[in-house]
Ligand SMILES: Nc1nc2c(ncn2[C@@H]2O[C@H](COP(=O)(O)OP(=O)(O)O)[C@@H](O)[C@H]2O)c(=O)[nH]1
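Starting off, we have a lone chain in the form predicted on its own, written out as structure tokens.
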Amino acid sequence: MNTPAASRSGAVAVVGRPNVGKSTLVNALVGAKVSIVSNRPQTTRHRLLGIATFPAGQLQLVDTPGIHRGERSQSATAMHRMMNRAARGALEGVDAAVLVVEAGRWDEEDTLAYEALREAKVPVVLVVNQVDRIREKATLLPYLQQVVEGREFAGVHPVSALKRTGLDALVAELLALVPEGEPAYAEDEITDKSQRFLAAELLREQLMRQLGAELPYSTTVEIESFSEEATKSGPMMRIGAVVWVERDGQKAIVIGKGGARLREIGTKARMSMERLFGSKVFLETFVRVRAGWSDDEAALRSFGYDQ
């Protein structure tokens, strides 16, 4: 008689330099969009938990801002310092970690992330993301040999998080690294963040996607009101959001000519919210100026950046 394998459950930090696909990987493993994604570095600003439940167990995936250099430089803003602290703080109390790198590339920020994991003294699995972009697959093996030389990894997994390839073996390895135990969250839970937080992030995602070249890091979002009401067609969420910028000129950029750009941003954010929440959403968006908010620790705390 075969004895069924014990269930496993544990926390896994997902770490790497900015813009290597950490959030895309977390979303792929969870099977739902819990972390926002754009092609701009440092889109992720908060530490966020994605809950991935499988027949063999549960992984609590801690998505982190990218670890980057310059935290102690005079030019580093309070937001950058807070993001680095959030990324490093995510390593406390985890059972294992994933270091995500871009296939074919390893630079000093990858080394910085690896060193942070070494200091945390947890098993590290190397995830080489975006292997689908490597045309000459023969170059992948010497690259992998170069990366692992002199470094200690519990496993190495070439994957494409975007195309969801190579993930089954990664999940099996991560579950083997976490302890036996019952799931910490119910099977239908996908994150520890509130709908209010997720609504703010989905609006900020559209700001990053549509204004990233013009205002890469000068916007943030605050949800002023969030309520649910019954309508003839079913439940509807009524959300009031504020987009904060640092200067009047930035406010004009966000709003656009005749308000066209803000309407487009709001429409796409609302559609993302409806997909995630499974409910109709009425979204009202305002733009306001708060000078220097990204370098003001009190302002950052009021916007939830210390959580």
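Note that the structure is predicted; figures quoted are calculated from it, not measured. For every residue, the number given is its place in the sequence shown, counted from 1.
Keep in mind that the form predicted in complex with the named molecule is not shown, yet the notes after this line are about it.
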Problem - The unique member of 223, 162, 122, 208 whose heavy atoms fall within 4.5 Å of the named molecule in the predicted complex - result: 162
Exercise for the section: May I ask you to state whether residue 39 is within 4.5 Å of the named molecule in the predicted complex, using heavy atom distances? Expected result: yes
Practice task
Report whether the minimum heavy atom distance between residue 20 and the named molecule in the predicted complex is within 4.5 Å.
Solution key: yes
Exercise for the section: Please check if residue 44 has a heavy atom lying within 4.5 Å of any heavy atom of the named molecule in the predicted complex. Expected result: yes
Practice task
May I ask you to check whether residue 133 falls inside a 4.5 Å heavy atom distance of the named molecule in the predicted complex?
Solution key: yes
Handout entry: Partner-facing stretch of 124-132, 138-146, 91-99, 195-203, counted where any non-hydrogen atom is within 4.5 angstroms of the named molecule in the predicted complex
Key = 124-132
